[in-house]
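Shown below, as structure tokens, is a lone chain in the form predicted on its own; questions about how it binds or moves come after it.
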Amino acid sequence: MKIIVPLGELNKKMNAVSAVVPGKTTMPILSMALITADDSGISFSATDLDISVSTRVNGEVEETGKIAVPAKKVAEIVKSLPGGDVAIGAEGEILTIKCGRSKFSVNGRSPEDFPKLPKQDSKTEFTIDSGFLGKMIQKTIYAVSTDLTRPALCGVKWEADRGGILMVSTDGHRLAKVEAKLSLGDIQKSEVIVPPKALSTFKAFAEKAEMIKVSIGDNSISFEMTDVSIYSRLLEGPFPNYQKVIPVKNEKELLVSKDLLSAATKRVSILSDALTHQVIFSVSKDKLTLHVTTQDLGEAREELEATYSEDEMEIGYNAAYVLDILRTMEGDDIAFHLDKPDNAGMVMPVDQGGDLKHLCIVMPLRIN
């Protein structure tokens, strides 16, 4: 095999492919990426048996062939190269990389050892703008649980039908829900739980705006882009009934500037407790005061202008959770819909705009 690939293209694709490769595995072949050069062009592939990715690479094929190579090590080598085109060759199980005056010989594996990439039997297929889908993923992926004893919460639930798509995630302390009214065609309704690694992999490759095909099978999902195919197993449910935790009596509305609240929360949380990250929100007429008192560190306080006309109260929130929510909100102002200090608060943009509806829920902390 002999190929020539521009360094920028090689670096981008190797980084994205190597992100799929598991950090630790009892099957050494899974730490490999498969480089294939044939009459149709150049492709890189990787899999951890749950998620598989194959991407076309722009370059010149001088001699066809294929080889399995240590993905993360090759990505590290490529990142270090000085610039220009990169000549890649393979003789047997040895990969050579040449760029400028640099030359590397890397021990690879036979391509026959590399796992065969899975094929999917789809029951639901639809097309959607990659940028729009990426925006929905960004608004939900941060709230996925990392508690492996509750596997259904370790992913983002998708509900798709002919009227649109809904995504929701929760870790028990917060919940993020985004719903888009779209015409997805005459598709069968599907409810699935997608692992975050599959969504992160999609976002790593979806750099240009294009219509992509999403296919959902009985236990898998795939994303087809112009030069990338991503396949992932789905997580098993059932997902909790999230509708039951969405408050219906939160009638006290607090309106505040998103940017001002974000900056103030970052500042006062510097002195917050390292474990709870608690910041107290004190709301009174047209004013929001953030304050922190930590015995070993000291105190911090900041006042913000706000719109509020209900009863005064104090609510404790994890500052990191609040900041995660604010980072995903669009528009200049956000609304907190509150009930009592010990009840969940709802957060949403004041101006939702368009066909995308975004809602977050955050549980309060007991004030020390």
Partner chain sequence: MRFVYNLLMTDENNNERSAGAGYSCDRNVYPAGPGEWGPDDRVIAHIDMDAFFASVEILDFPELRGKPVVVGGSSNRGVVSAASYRAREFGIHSAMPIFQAKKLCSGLVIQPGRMARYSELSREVMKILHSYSPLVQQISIDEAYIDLSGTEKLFGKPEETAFRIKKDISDHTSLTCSVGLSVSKLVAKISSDINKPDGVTIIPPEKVMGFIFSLPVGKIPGIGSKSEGELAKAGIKKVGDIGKLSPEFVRERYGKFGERLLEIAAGRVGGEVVPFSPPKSISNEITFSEDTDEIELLEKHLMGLSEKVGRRLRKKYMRGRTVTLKLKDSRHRLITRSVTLARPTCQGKMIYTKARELMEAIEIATKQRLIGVGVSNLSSAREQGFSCSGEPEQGLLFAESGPGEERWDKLDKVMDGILDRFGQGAVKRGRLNE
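Residue numbers count along the first chain shown, from 1. All figures in this text were calculated on a predicted structure; none of them were measured in a lab.
Missing here is the form predicted together with its partner chain; even so, the following discussion is about that form.
When you look in the predicted complex, the only residue of I270, I94, A263, V245 with a non-hydrogen atom within 4.5 Å of its partner chain is V245.
The single contact residue among T289, S257, T276, Q138, judged by any heavy atom lying within 4.5 Å of its partner chain in the predicted complex, is T276.
For the chain shown alone, S45 is not a contact residue for its partner chain in the predicted complex, no non-hydrogen atom being within 4.5 angstroms. Although the partner is absent from this view, G172 contacts its partner chain in the predicted complex, with a non-hydrogen atom inside 4.5 angstroms. In the predicted complex, its partner chain sits beyond 4.5 Å of every heavy atom of Y308.
Among residues of the shown chain, R150 is one whose heavy atoms approach its partner chain to within 4.5 Å in the predicted complex. Highlighted residues L34, P70 and Y231: none comes within 4.5 Å of its partner chain in the predicted complex, counting any heavy atom. Only one listed stretch (185-193, 164-172, 75-83, 111-119) carries heavy atoms within 4.5 Å of its partner chain in the predicted complex, and that stretch is 164-172.
Residues from 309-328 that approach its partner chain in the predicted complex with a non-hydrogen atom closer than or equal to 4.5 Å are N318, Y321, in the order they occur in the chain.
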